[in-house]
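Each of the two blocks below gives one form of the same protein chain as structure tokens; they are labelled structure 1 and structure 2.
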Structure 1
Amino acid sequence: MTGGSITPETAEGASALMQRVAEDADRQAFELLFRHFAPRVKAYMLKLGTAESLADELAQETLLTVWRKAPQFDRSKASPSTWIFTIARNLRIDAFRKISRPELDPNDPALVPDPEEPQDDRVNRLQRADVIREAMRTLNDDQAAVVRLSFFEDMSHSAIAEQLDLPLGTVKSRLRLAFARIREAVGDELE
């Protein structure tokens, strides 16, 4: 059965053509729908500020979706034009989401995991950590607190002074004395 004298200019005509596409995969009925709606969908896309090349692509994709999903069209819920423009709107939204969230490049250095640490470097790092931990035990409580806040909690000297209710100069002196003591305890072991 062909599109015949039925045209998509009216809701009834468009519904009849949609029914033929849905039930019989009628190519002539689809061609009439395509010729009628493709330019209108493209104009709609352009009106929304879509670039012309993307508007063309989205109009074609919209009508391709109409062809594939014609059996899902329900004339009791919407007119063919409403259904087609809803498809177009959703495809446009999807396209802009894809543009604003580009695909990830698996070779991007930020996404490539760091190479595994060589075993001898790992052993050396752990040994240094043990030596420093032992040296930290030689500090008095005041010096250890200042070192812990500065290096393990990443606090500024002024923030440490405020938290411990100490003058800034005292915080700096305690850090200087702590480093001297750690250097003395570690000696040549870290070289």
Structure 2
Amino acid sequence: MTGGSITPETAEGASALMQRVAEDADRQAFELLFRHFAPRVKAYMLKLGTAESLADELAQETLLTVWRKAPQFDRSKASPSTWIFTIARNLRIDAFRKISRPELDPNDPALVPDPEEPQDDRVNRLQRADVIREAMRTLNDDQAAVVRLSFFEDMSHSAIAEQLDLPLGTVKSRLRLAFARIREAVGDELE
């Protein structure tokens, strides 16, 4: 991969750009990431009902956090899109709040560590996005709808049930089925 041709469109490309931002504080790499991700984070904020100006501001804040925390990004643990999604999610939840969202601390001595993962599986984290995207296409409309409402409408299970006029148990079982399907696809890929 040569300098000019790296694109944030793929997980590999975005990950290489992240590495340059982390190691060399590379502004050009950051600019590419910004142009790709900021408009998507803004769209995510808007979908969740955030007002236009605040959505813009939260997207800026998200990308500034990407710059600041780039040295902590670990490509063996998450794809850049996933990492940026979690930053955006937490900034939105924590906006105007004194107490921050409860998150585990990976450096907590009380954390029960992961079992040793074979090196191959870790590399696959970047490709996993494609497997998940494919699996999501195989969800039926009902399952896809509850997943979308969970991520993009900030809805609790009971709020989804109300909106779709379904029993709570049905919403839960659709989420469970959707998740099982995706897990199965990811599991197959790692075989």
Partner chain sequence: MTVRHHLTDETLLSYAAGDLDDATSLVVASHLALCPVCRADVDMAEDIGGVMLDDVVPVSMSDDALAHVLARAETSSRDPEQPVEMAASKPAGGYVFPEPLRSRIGGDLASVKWRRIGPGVQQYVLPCRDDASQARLLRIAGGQGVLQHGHTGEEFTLVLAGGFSDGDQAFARGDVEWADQDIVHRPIADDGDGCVCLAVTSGPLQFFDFVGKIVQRFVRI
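All residue numbers here follow the sequence of structure 1, with the first residue given the number 1. Everything numeric in this text was worked out from a predicted model, so none of it was measured. Note that the rigid core is defined as the largest set of C-alphas that superpose within 1.5 Å between two forms.
As for origin, structure 2 is the form predicted in complex with the partner chain and structure 1 is not. Relative to the superposed rigid core, the position of the CA of residue 28 differs between structures 1 and 2 by less than 2 Å. Once you line up the core between structures 1 and 2, the Cα of residue 182 ends up 2 Å or more from where it was. In the core-superposed comparison between structures 1 and 2, the C-alpha atom of residue 170 has shifted by at least 2 angstroms.
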